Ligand SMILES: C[S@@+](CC[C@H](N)C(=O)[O-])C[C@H]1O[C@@H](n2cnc3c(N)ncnc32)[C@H](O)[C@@H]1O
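Quick setup: one chain, the form predicted alone, written in structure tokens, and binding and motion questions come after.
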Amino acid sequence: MTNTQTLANAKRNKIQSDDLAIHNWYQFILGYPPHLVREYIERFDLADDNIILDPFCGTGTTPVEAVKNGISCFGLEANPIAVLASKVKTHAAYDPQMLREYLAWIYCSMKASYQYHGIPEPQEDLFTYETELTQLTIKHEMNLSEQQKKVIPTGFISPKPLQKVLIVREIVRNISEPVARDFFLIALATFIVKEAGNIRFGPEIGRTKPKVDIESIRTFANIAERMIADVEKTSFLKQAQIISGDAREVDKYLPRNLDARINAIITSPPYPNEKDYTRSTRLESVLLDFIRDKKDLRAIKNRLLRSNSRNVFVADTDSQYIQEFSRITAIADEIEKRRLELKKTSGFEKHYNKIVLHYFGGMYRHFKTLKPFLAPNCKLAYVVGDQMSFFRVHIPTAELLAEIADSLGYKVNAIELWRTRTATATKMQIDENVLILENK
């Protein structure tokens, strides 16, 4: 086990080389590292007959570590591509031989389809794959709809890489075995993010210099081969169940037979800031058809915790749950006061005070609907960061969540410093903490 206490601050939130298998398949840039999950599995003294829940499971860090350590796990997530990634990462019964057969078929089908459309590859293809499956040649033109084009941020992918991605997508869609199809869709999502797209992360997602063309056949094969190799060297001792749902309404999604049976929560909800979490996965979500138009995008945002101005809506009512929490309402008032003093009038800035109210109101709902599913003395670890995103007003996230949890009957055991990070706007060091709760 990695002793996180010995890691330098800059490395605490970075994935360690020994943890790349499975976790590296498709990563959410704002996630936390596997060694943190293992630390709390050990500290909470969890056994193989226990159940862990991650109600904000993202791309599956906690579920993967749970099942690798022989502990059953449930994951809840609202972003559909992250749901798929978590399901693919935690599938416990892959057949590597079948996956390699399908990879050979994809490879041959890519070559045949590119040849049909007269699409060259920048470098000579040096691989040789053979398969008994009949190759597929995509003969029709592949295009995004006008509605999809409007949802992709400008410049995130160039025409030639896009054409290749859409052909690969169509090939993978024709795989008859659902488990294999999903496996290669996640390989394609990784290919889109790391190779095809003109995107960078850091901390915000942005554009890079446009790629005129990409080497796709060999690169996609390499990504899939590494994933299959990970399958061969990784064993899961238990199964995870990944559920698509809104963490503010836990009781609507978890099985009823889980009442008072969950032994631990290890999770990291979004923080109240101006990061649009759907933008970080927008390109691959559109190219893989999880988002077909602005209506689909809004539907996804509607199920997310209100943490930024781009997913605050007129009909939102989460703020009503925290009107009695004077520290939270005072922070919201201070943000609005600063806005007026600075004469900031954009629609986004007018939402800043509302974000704070809706965010903590949503977390109130989360804690309340979660509680009936927790076993007595269940331990909960929430990785959350302080914020200064809204006119530099300090938001002590862990402290405020502790106050909410205490009001709902949780015991607040500790607020532990996980690391410090540099605030984008102020360049100040602010805390990222782990809030430790217990079900009384």
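Because the structure is predicted, anything quoted here is derived from the model rather than measured. In this text, residue numbers run from 1 along the sequence as written.
This protein has a second form, the form predicted together with the named molecule, left out of what is shown; the following refers to that one.
Remark: of stretches 104 to 112, 346 to 354, 177 to 185, 302 to 310, the one touching the named molecule in the predicted complex is 302 to 310 (heavy atom within 4.5 Å). Within this chain, residue 246 lines the site of the named molecule in the predicted complex, having a heavy atom no more than 4.5 Å away. Residue contact with the named molecule in the predicted complex: residue 52 places no heavy atom within 4.5 Å of it. Contact annotation: residue 30 falls within 4.5 Å of the named molecule in the predicted complex, judged by heavy atom distances. Heavy atoms of residue 161 never reach within 4.5 Å of the named molecule in the predicted complex, leaving it off the interface. Interface residue among 40, 410, 56, 391, judged by heavy atoms within 4.5 Å of the named molecule in the predicted complex: 56. Contact with the named molecule in the predicted complex, judged by any heavy atom within 4.5 Å, is made by just one of 319, 285, 268, 90: 268.
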